[in-house]
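Given as structure tokens, the chain that follows is alone and in the form predicted on its own.
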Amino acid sequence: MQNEMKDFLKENGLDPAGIDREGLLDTFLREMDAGLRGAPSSLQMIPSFIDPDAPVKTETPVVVLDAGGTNLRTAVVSIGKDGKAEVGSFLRGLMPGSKGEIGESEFYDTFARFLEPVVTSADSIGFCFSYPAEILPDCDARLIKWTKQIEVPSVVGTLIGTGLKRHLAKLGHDRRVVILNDTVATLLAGKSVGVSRPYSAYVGFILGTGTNTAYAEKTENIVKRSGLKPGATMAINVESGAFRGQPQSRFDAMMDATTIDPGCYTFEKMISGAYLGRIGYAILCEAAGAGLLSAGAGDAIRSWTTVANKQLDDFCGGAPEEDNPFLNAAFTRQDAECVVQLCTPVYARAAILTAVNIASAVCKTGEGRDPARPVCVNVDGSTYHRTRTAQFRSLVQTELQKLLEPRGLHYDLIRVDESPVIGAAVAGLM
């Protein structure tokens, strides 16, 4: 039965063991180079106009607004001379547009009113914006497209910082706004703790509801932008979720067709938390139709609309809660084993692709050859840190070592709590 399930997955294009890691890494690097040149590429390689080596004001408050995949958060932050951040006045809300389509005015009003309790605490706002946007030299940002299933179509193409400032002005507040991507913020958060160890370069990686990567690039390699300061570095937002080098399985294509942006960000849809449960659901529906599950289990699965990632991961990872749908009496012991066998490869594949993604950024920095000065990789996101199935983090680290050790590259995986918030504060204080 185990071989039958493995063959079923492989025949439909899901085969973690068959992934050409080295070939995929080479493709990632070629796409990154093409994106920096402005040549056709699935990777946008968006300049942030933030130099990770720029000085940061210390002991000065800054308001932070963090627009993530699900949550909207604000805080007041100050950075000490030792690089440690003091975070206070934390507020949490829901990302506008995450529960259905809304208009531009409602979108910006939500941000402005959410900031109102803390906006008088500082002159600057560091705005961590977790969506593809063209960053301008004044650190405003023009939204390119929504991801993570956010629905505010009228905001696409608008200047996010300008819109926020306009709506804050209606409430009587005039503030400087610095916008950066959440992965650039994650990179800067890693930089903020770098005072304790001499790192040679910095990478920010997020794997949560969605995924993305940022790294520090030499300005002379950013060929598509003219007038950059020579000999400097700049944080680059890779938009790695849009990578198209890894082909979809049949199950990915089925799941992708149910999203509001089919064909877009297909790499993100293979590894991030918003989609892993949905891929598992597609697999189980097809497996039921192929007779790999009992009739009772098949009927139960077809009565659902999808499976949440947490439910699938908890079950396959051996820690289901009492209300987990796979504990339904319709599932026999053999059904339960089949669910684990069919869906664990979804997480194994995600771990392998995650390792290739991180390795590409480490390689692209051009640093890390001195073991005393490794590349700092700050990893943020609940999917990376909480996924149990396939021993996810351990597998990522094993795969990463296999890719980078033969290249003589040294790196240090770290975790900075509240990375997007701290990184946005650093940007607002530069």
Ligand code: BGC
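Numbers for residues come from their place in the sequence shown, where the first is 1. Quick caveat: nothing in here was measured; it's all calculated off a predicted structure.
Just so you know, the form predicted in complex with ligand BGC exists too; it's not on screen, but the next bit is about it.
Partner-facing stretch of 284-292, 160-168, 250-258, 206-214, counted where any non-hydrogen atom is within 4.5 angstroms of ligand BGC in the predicted complex: In the other structure, the partner sits against 206-214.
Partner contact for N357 in the predicted complex: ligand BGC, 4.5 angstroms, heavy atom: It does not: once ligand BGC is placed as it appears in the predicted complex, N357 has no heavy atom within 4.5 Å of it.
Ligand BGC contact at D335 in the predicted complex, heavy atom, 4.5 Å: Output for D335 is no: heavy atoms all beyond 4.5 Å of ligand BGC.
4.5 angstroms heavy atom contact with ligand BGC in the predicted complex for R349: Although ligand BGC is absent here, R349 would stay clear of it in the predicted complex, with no heavy atoms inside 4.5 Å.
Contact label in the predicted complex: T233 to ligand BGC, heavy atom within 4.5 Å: Contact with ligand BGC, no.
Proximity to ligand BGC in the predicted complex, single hit among Y199, Y131, F107, F326 (heavy atom within 4.5 Å): Contact check passes for Y131.
Partner contacts for 250-273, taking ligand BGC in the predicted complex and a 4.5 Å heavy atom cut-off: Residues within 4.5 Å: Y265, E268.
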